[in-house]
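Read the single chain below, which is given as structure tokens and is the form predicted on its own.
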């Protein structure tokens, strides 16, 4: 059996309870060595065979999984954050499907959640933005034109931009060309939840300069849009005294006002 496990954004204790249990039970672990905190490997049992997929091709990863299956071993494929985002996981699942290898997916905490926690930020503020776009700049992996930064920027919603820390000058230009103001707020979160985490707040126009001054070149998320300022929002109706739910009627104070 193979378990595709999300390792979380970085901090060792942000793997899920289920993920940690699977890691302890694994006979073989194949982990994304360039991004997964190696401290998690301390949880593996004696004799567990560990592979670093940062130096492996897809074919080598699949060969390691197949060899483990032939020996009746349990494998954990440990991905950074949550496997569903930029994890190149579909191609691995397709390969296992073709080989008749059973697998399950254990979700993890994505780095976009870790970045919001680091910033003490809510992506969806009433009156500011009710959508968060998770995207990236085109690089070695192309991005469909309909999903370009410029196209998304036209919505002026909150944007969380992965895999683009080395392209910040171009990113700023595309965001501004798409509809953001030069002075709209932005933030850069380097290695969210890791011990060496860095937070930089700036404007969209200042992204490249701010990252250079902080020495940030990679492994960072970019948050862009008015919500990054965390100001000027309206009160949520969720806990408003006039808003009733199946669990809560109008507050006594509000009833008195009406009467």
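Positions refer to the first chain, counted from 1. Quick caveat, the model's predicted, so the values are computed rather than measured.
Unshown form predicted together with ligand SAH; subsequent notes refer to it.
Though ligand SAH is absent from this view, in the predicted complex it lies within 4.5 Å of a heavy atom of just one residue from 35, 216, 62, 199, which is 35. Taking 228, 221, 40, 204 one by one, only a single residue has any non-hydrogen atom within 4.5 Å of ligand SAH in the predicted complex, and it is 221. In the predicted complex, at least one heavy atom of residue 190 sits within 4.5 Å of ligand SAH. Though the partner is left out of this view, residue 194 does reach within 4.5 Å of ligand SAH in the predicted complex, counting heavy atoms only. Remark: residue 158 does not count among the residues lining ligand SAH in the predicted complex, judged by a heavy atom distance of 4.5 Å or less. Residue 110 belongs to the set of residues with a heavy atom inside 4.5 Å of ligand SAH in the predicted complex. Note that among 96-104, 77-85, 178-186, 121-129, the stretch whose heavy atoms approach ligand SAH to within 4.5 Å in the predicted complex is 77-85. Annotation for 153-169: interface residues with ligand SAH in the predicted complex are 162, 163 [heavy atom within 4.5 Å].
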